[in-house]
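The chain below stands alone and is given in structure tokens; this is the form predicted alone.
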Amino acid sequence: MYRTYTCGELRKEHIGTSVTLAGWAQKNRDKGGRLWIDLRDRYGLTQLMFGEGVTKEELLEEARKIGREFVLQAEGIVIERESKNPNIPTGDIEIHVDRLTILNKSEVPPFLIEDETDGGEELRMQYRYLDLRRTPVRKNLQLRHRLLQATRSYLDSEEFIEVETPYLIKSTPEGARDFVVPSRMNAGQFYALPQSPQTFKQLLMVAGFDKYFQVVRCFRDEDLRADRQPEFTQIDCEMAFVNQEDVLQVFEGFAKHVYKELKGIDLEQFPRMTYDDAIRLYGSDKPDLRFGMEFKEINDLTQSNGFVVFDSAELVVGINASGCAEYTRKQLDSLTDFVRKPQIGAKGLIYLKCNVDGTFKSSVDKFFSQEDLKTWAERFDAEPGDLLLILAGETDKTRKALNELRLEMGDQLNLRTEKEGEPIKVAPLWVLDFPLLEWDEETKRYHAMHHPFTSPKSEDIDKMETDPGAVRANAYDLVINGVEAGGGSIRIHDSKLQARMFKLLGFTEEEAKAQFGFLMEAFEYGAPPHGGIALGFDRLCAILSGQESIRDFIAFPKNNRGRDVMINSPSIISTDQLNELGLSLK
């Protein structure tokens, strides 16, 4: 056998034991009379020791030839380490090696395979199989594995059935762009890779499966960012004979189970907030509730005072940065530069300092008296020492910009992270009652905010033709620490209502039948009321670890251009393949 123990399990109680280890040489330290090699596997790291007078000369010489990432087998006796390392579990012991076998040599790796590496992101993606040897990346994938087990355990306990749905499906015009796959046997026709198993899971409800789930790969041909990949994994779930409350209760339970199993944290009851309130109070449909700074609107207190910026604004709104009245002019100028960035979009920033002596100092003192400024402070519930930051302009743009400023202040004041030794902050939230539709100026028509199978709130159905923009969806998002962990809705299960929805979205009867006729027909055979949710599995991994990027929770991710730089994909295919698919280039 190659090993009797792993490189992470030996302790003081093993002193005197004869052992065999196998792994990779992470680092050599040659002090002349003594030589140490750190041997690493996925379980940890153990120090190997070779010494003049205690190690055979030929073995010592062989050990000096070992390079980084050589694959080794080492046999020897566990001894107590003279210079202990409290930072690793095996830091009390080392192995006095009496036999060393080089199982494979290694080229010098292009970057350090250590917790802190000198490799840039693109280089590490090119050599991803080496990057995966590093402890932080390995721990991310171990957390992914544990989340997968916890997910299946919880859903199985709730009597969900795991069912696989097809990967080669039909392209549909709604949502993001599809990845398409040409069919050799059906010349000129194409499959699409699924953006989600939405229609199939609804058909499973028609089929009477009652509770379905799948940890499923999905594909979207869209612009990438830190929390997006062209292929990603989601926890896809559907339930029959349920209303919104049933779904929320089950998946609150899921989130509590996951946090308890993986982080040892007991989550309390999840607050709920309507979409309209989230936008009004935080400028976002996924507010981070780990800290306050709710928006306060002050149009009525600021207009008609001769300050044209306020007088011409649709909305004057701000936040209270508690305890920040001591911010310097340089710091305030930096915040002004921040909100003026093109991606933020504000034209400027107004501030009001609530001084500890009870006076007020603002950037608009010329237009407002101390009494005026006092009314502002009262609206914000400000105390002496607080700083008010105010934006003005078009309603939607101003709320969006203030949301970015709020998050920036949360970062500057360390309100979105924990100090060492403090408990981890977790702020879950359900956001409810989204708009059913959103207007697209480019196409001059409504699009489904979620997807065309989302049910409108029953009390808003009568508005579908008369006031479609006011119709609310029976939809919900689970937000954790300001990140959308997942979302879902109660679905339309009545074919007549589904037909009204398609018409509202601009489908002709023929188009609706061509795209979704199979679903409409299925609804004619006794479709039960049903609803569900899809949780971003990669994103949930990142949320649990307090990280923004999902890339390091995927074994072999794509870069920001959608490329796998390790295998050089996508790539050109041969003319013969193109001809066979009926796609020959002219």
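Don't overthink the numbering: it's just position in the shown sequence, from 1. Every value quoted in this text rests on a predicted model; they were computed, and no experiment measured them.
Absent from the display: the form predicted in complex with a small molecule. The rest refers to it.
Checked against the small molecule in the predicted bound form, the candidates 345, 487, 119, 91 yield a single residue with a heavy atom inside 4.5 Å, and that residue is 487. A heavy atom within 4.5 Å of the small molecule in the predicted bound form is found for exactly one of 399, 134, 491, 353: 491. Heavy atoms within 4.5 Å of the small molecule in the predicted bound form are found in exactly one of 79-87, 136-144, 449-457, 331-339, that being 449-457. Contact annotation: residue 554 falls outside 4.5 Å of the small molecule in the predicted bound form, judged by heavy atom distances. The small molecule in the predicted bound form is not approached by residue 522, whose heavy atoms all lie more than 4.5 angstroms from it. At a distance threshold of 4.5 angstroms between non-hydrogen atoms, residue 201 is in contact with the small molecule in the predicted bound form.
Residue 48 falls outside the set of residues with a heavy atom inside 4.5 Å of the small molecule in the predicted bound form. Annotated contacts: 196, 220 and 532 all touch the small molecule in the predicted bound form [non-hydrogen atom within 4.5 angstroms].
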